[in-house]
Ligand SMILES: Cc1cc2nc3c(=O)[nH]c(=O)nc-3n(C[C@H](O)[C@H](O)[C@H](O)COP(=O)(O)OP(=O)(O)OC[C@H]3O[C@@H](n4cnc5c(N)ncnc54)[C@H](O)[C@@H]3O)c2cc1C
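The chain below stands alone and is given in structure tokens; this is the form predicted on its own.
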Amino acid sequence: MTALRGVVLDEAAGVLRIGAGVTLSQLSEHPEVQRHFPSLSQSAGAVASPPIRNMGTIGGNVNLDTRCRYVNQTHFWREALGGGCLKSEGNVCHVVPGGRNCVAAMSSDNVPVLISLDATIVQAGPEGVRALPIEEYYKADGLAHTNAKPGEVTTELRVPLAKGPRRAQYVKWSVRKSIDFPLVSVALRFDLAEDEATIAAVKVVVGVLGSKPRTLGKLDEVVGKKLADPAVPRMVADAAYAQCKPLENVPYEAAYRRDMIRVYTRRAIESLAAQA
């Protein structure tokens, strides 16, 4: 097991092992992270402000609590709604009044990226140590959005190394460039063929929709195309727009945030193509 504050390149296992106690600043600036997983370096460096990144850890960020524009108000303000909200003291969700689950948003910058990279999360608790794909660690319940068992803590993250050429990027839209949580976020990963131009596989994960990120489906049509093909950014951006429907759970109108998903996805792919 990697030390809680260590980052180790385990070439035998084909993974980068990241201790849960590694700070976000350390993760963002670590040479092995920058070399193998630039999108993870980007997402860790995009969290809040330098003082917070110097103290906050990747283990804390992957277990970040959900938030909602309703529960993040004063008690007086919530009382005026009549019934409060599911997450605070009531039994009514003002985002989806007819819904049964809390849909508070999970706003971690790093989780969509770790999902896009097929990372594994390691948990230790009274029942022992277990590892599971980080995508399976989250569930669509804002009141309890992780599958952590009672008494468990996160000890390590394992990110598999790319087996060939890859282009990856993380982008987020927020009101301010620092401090703010993302209002939408997109993690993109393109695995390329040996020619370093043809798309062999693609994975796109969108955050700040609900209590867990969404992995896009129906992207097979871009496989086999060149990353530099002008049609690729439009095709993936349109798929993101069609499959992602933000809720009114964080500030700014959901319809506008949905438009930003398409805009930021397209821009990110165009940027990756230009870099290639």
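Numbering starts at 1 and runs along the sequence shown. Computed from a predicted model, the values in this text were never measured in an experiment.
The same protein has a further form, the form predicted together with this ligand, not shown here; the description that follows concerns it.
- Here is the short version: of 227, 237, 46, 244, the single residue with a heavy atom within 4.5 Å of this ligand in the predicted bound form is 46.
- With the partner omitted here, the residue from 268, 261, 20, 16 that has a non-hydrogen atom within 4.5 angstroms of this ligand in the predicted bound form is 20.
- Proximity of residue 172 to this ligand in the predicted bound form: non-hydrogen atoms within 4.5 Å are present.
- Contact annotation for residue 180: at least one heavy atom lies within 4.5 Å of this ligand in the predicted bound form.
- Using a 4.5 angstroms threshold between heavy atoms, residue 26 stays clear of this ligand in the predicted bound form.
- Contact check for residue 219: every heavy atom lies farther than 4.5 Å from this ligand in the predicted bound form.
- Only one listed stretch (158-166, 126-134, 192-200, 107-115) carries heavy atoms within 4.5 Å of this ligand in the predicted bound form, and that stretch is 107-115.
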